[in-house]
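Next up is one chain by itself, shown in structure tokens, the form predicted alone.
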Amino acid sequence: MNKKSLLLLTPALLPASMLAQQRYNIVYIMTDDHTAQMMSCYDDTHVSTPNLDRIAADGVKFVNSYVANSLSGPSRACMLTGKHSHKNGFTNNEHGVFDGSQQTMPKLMQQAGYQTALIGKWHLVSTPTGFDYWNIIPGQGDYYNPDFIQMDGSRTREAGYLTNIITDKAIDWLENKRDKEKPFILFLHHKACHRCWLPELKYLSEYEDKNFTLPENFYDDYQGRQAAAAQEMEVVRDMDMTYDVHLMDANVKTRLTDGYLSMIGRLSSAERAKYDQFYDSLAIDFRAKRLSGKALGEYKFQRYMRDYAKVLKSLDDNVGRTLDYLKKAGLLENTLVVYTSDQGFYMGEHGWFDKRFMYEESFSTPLVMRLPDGLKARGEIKEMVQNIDYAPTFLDIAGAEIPADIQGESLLPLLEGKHPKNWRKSLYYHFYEYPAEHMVKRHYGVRSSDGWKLIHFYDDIDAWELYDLNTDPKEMNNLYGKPGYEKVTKCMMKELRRLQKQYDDPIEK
């Protein structure tokens, strides 16, 4: 009997030892706010990510990978349930609490005979369910000397840098805590590269000699895009000099200063001295320059990019550690390794940081997979995929039944090298969190595989946007309502309504 046949057998029909040997393990690595333009197998303009690139080189890279709601908690809920936000109930971070009693993919994986473990960022407020083992950071967590919550509810503070510690815990679970007679799925969730980009101390000076390329639309004037003009996430205007840029001024205090001091206050006295020596010297030099206008904005951009890249460098190191352990432990060839982020992020495009908008930089997300023996796809996969697809994919790989109410599609045929003719031709998106941090308006929309996008901003606004990504990939020219685009607008509106009906989104307007 071949491996594919074994994978399709009901778990109860297989002895535990054979299950562990023959059924694919899954290591799902998810980061926070890591964007494809800061991953060198997608775009080598800014940084090199050799360990992340190893995953793609030994498997596949999805070049049309998207999320259903570009926000941390909601994105995680979509991944866990295989459903859009309005179906899983977690629409926004401000007021959401994930209902852990509902059907989730980890619970279904347990039923299929898999061990389930979650280590790192949870960010869904409620206690994790469906996991045989979990060890999570509270809320957003801290980069320095972080706290962890154990399954018994206790909290401990651990010395070190968060990205390293999460990896340590993951390797420890793989080596010492799991039942090696059973297949497993490990959710390895990092805080990196989330705001406010506090680097591992050994990398404080990394990238300091690099000048990052300013995006061509950094000085976007948002003409014809009312919602884009109303946000509060501009590098020039909204990026905080203390919290985001890490340059303290004793005479200036903002609403974010106390939060920043609390985060770096977790450092030991020796660590804090090293940290302060580096950033205080930058602050002295900055104040001497007396920058203003464009010079100040571009200075903030460079500091943002450098600190983000430093945080990413530690993340890439730890992905390498994870891959090396799997190889050393003899697990790599029977394990599907997935790497993705909870959404994309703006690295100065449109003048922004953060995410939320349905524009490409935050709507899209990196997705690479190292494939185990038996899955033959290699190179780029161009079909449109979304984070609601992860749940049915993992269930399919486990040989488990995919419940009818799951809204995503299994990616297993794509991983087998197939290209189904009936694969989806469009994706649906819905963002809810307004008013809130960064003040991005509520909106929903549709993106087609042939490069058209229609967005409706609603609630306290009624504004439509239409883009031809083939000729306007930066989404600078809103075509909605312009002569000559009536036919494509009608087609996209029809597709939007079709998807809202298919996914049973009650908004349908």
Ligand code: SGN
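In this text, all values refer to a predicted model and were calculated from it rather than measured experimentally. Start at 1 and count along the sequence shown; that's the residue number.
Beyond the structure shown, there is the form predicted together with the ligand, which is absent from this document and is the topic of what follows.
> Given that the ligand is left out here, which of K300, H190, R356, H430 has a heavy atom within 4.5 Å of it in the model of the complex?
Replying inline: Residue within 4.5 Å of the partner: R356.
>> To verify the annotation, which of these, N93, Q102, S410, Q110, has a non-hydrogen atom within 4.5 Å of the ligand in the model of the complex?
In response: None of the others qualify; the residue that does is N93.
> Which of these stretches, 443-451, 474-482, 65-73, 50-58, has heavy atoms within 4.5 Å of the ligand in the model of the complex?
Replying inline: Of the options, only 65-73 has residues within 4.5 Å of the partner.
> Would L256 count as a contact of the ligand in the model of the complex, using a 4.5 angstroms cut-off between non-hydrogen atoms?
Replying inline: Looking in the model of the complex, residue contacts with the ligand include L256, since a heavy atom lies within 4.5 Å.
> Is K169 close enough to the ligand in the model of the complex to count, meaning some heavy atom within 4.5 Å?
Replying inline: Result no; K169 lies far from the ligand in the model of the complex.
>> in the model of the complex, is there a heavy atom of the ligand that lies within 4.5 Å of any heavy atom of H194, even though the partner is absent here?
In response: Looking in the model of the complex, residue contacts with the ligand include H194, since a heavy atom lies within 4.5 Å.
> Taking the shortest heavy atom distance, is H438 within 4.5 Å of the ligand in the model of the complex?
Replying inline: The answer is yes: H438 has a heavy atom within 4.5 Å of the ligand.
> Of 105-123, which residues get within 4.5 Å of the ligand in the model of the complex if you count heavy atoms?
Replying inline: K121, H123, in sequence order.
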